[in-house]
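First, one chain by itself in structure tokens, the form predicted on its own.
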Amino acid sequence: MAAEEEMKKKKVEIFDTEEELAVSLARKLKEPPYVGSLDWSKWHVFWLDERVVPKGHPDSNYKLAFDGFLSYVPIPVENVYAINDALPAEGAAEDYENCVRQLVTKKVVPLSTITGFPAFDLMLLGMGPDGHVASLFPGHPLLNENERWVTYIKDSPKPPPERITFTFPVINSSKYIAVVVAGPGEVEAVRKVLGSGDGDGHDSLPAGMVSAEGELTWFLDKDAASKL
């Protein structure tokens, strides 16, 4: 019964190309008519994981978001919550969790009535070829973290090695989760997580551990979905 309920909350959308998929998601919001019709003052932007590098570094997720989206839309600067890149990984994670806790106190971010963890409106996730999401990697002890809201990793198998990340209890308390995967590089991980009948085990990869209190939707292009 629980499995049936979980499947009801999960959807898969397949697009012809990576470009079509991207246009259908956040990049479209910076274009008319959306950019002029949304109430951007209500938006609060967080990073569910971030590389511990300067904001201007090519590896920075902040830089990626700023260059591709945030610089085009009028979200108030005070509503954009980047990590403190002057701190080491452990300090940056603690600082970011304190930031979220303060916003919970101010009722900017609600708590889940089910889990007691922050309940964000939307989590936008990608997935790596190894099935990792955020900075939660296969076989890593952080997969089992169930108390911290934000934690850190210093031995990421994908460079750069130092990162901060939301934990699964926070990710899975979200009202809506969108997992976006494009291209052939992740096709085997997609098959293992979303396929059926091959005995790989849905929960063997971090991406298979993603759920949502509301709805979980996978957005795939045809390459990523080619083995489903």
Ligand SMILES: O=C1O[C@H](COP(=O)(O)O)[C@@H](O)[C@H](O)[C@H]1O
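Just so it is clear, the structure is predicted and the values come from calculations on it, not from any experiment. Sequential numbering from 1, following the sequence displayed.
Keep in mind the form predicted in complex with the ligand is missing from the figure; the text below concerns it.
Of the listed positions (P157, P138, G126, P74), a single one reaches within 4.5 angstroms of the ligand by any non-hydrogen atom in the predicted bound form, namely G126. None of 170 to 178, 30 to 38, 66 to 74, 47 to 55 except one has non-hydrogen atoms within 4.5 angstroms of the ligand in the predicted bound form; the exception is 47 to 55.
Although the partner is absent here, E162 is not a contact residue: none of its heavy atoms lies within 4.5 angstroms of the ligand in the predicted bound form.
Residue contact with the ligand in the predicted bound form: V150 places no heavy atom within 4.5 Å of it. Although the partner is absent here, I83 lies well away from the ligand in the predicted bound form, with no heavy atom inside 4.5 Å. At the 4.5 Å threshold, heavy atoms of A93 stay clear of the ligand in the predicted bound form, well away from it.
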